[in-house]
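Taking the form predicted on its own, here's one chain by itself in structure tokens.
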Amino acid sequence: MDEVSTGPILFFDSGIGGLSVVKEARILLPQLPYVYVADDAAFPYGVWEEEALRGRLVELFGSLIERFSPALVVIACNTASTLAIADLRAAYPGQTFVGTVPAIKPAAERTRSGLVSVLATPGTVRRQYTRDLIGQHAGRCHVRLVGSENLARLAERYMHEGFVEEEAVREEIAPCFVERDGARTDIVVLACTHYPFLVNRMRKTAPWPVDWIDTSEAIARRALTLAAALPPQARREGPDVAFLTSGRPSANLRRLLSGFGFSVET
């Protein structure tokens, strides 16, 4: 009996941050066809007004679902997930979505000092969803929310050009480090999928060592669980597909996506 193809897994982010999730998914789900969508025409999401961004996402996903017929959608973006995943599930009830949320629960379970920082975009920091997670899972901790205006842009630049100014990274992460009653922050949650690409620079410029929690593997494992329930899929020949909403991928970006196994589709 031939295998049945039910469509690819679609990974979605505002830029290249979702590739940190793709990297983990390639290890766990190497046999499945992928589509990567970067809404670079609207990047960065952190500066958008909530209602405008929510409307954009609901409309955009209508066209993406029609175009790619995904078996599973992984929203590899904290901002999009915390803002719009409920709206997307309501608008497209036949589609399975995997969201990305700040890893506040595991941080609260792992901290020894009780001082945890959540490093995110301004939008994720403002969102009630994030504060609800703190109330539900980190009531005994002191959680500092740090909204970075520039870190996602720095990560994009680093991945495109291979260079980032360490002092700029230092300035963005500095508010995460708190000393209180003889204790120090010991965990920083990376609540944006762009940030893991800069974690080595963060370690180098941090004032003291901390545990940096990245949710990429957890998201990939959730996708693995849901994918296991899908009909078996035929592996598509050739590279997987990447789609950029701007329609203007640079040569550097094409090379980057190629390195992750994607061919850019326009």
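Numbering starts at 1 and follows the sequence shown. Since the structure is predicted, the reported quantities are computational estimates derived from the model, not experimental observations.
As for the form predicted in complex with a small molecule, it is not shown, yet the points below apply to it.
Residue heavy atoms within 4.5 Å of the small molecule in the predicted bound form occur in exactly one stretch of 204 to 212, 66 to 74, 217 to 225, 41 to 49, and that stretch is 41 to 49. For the chain shown alone, A191 is a contact residue for the small molecule in the predicted bound form, at least one non-hydrogen atom being within 4.5 angstroms. Using a 4.5 angstroms limit between non-hydrogen atoms, V118 is distant from the small molecule in the predicted bound form.
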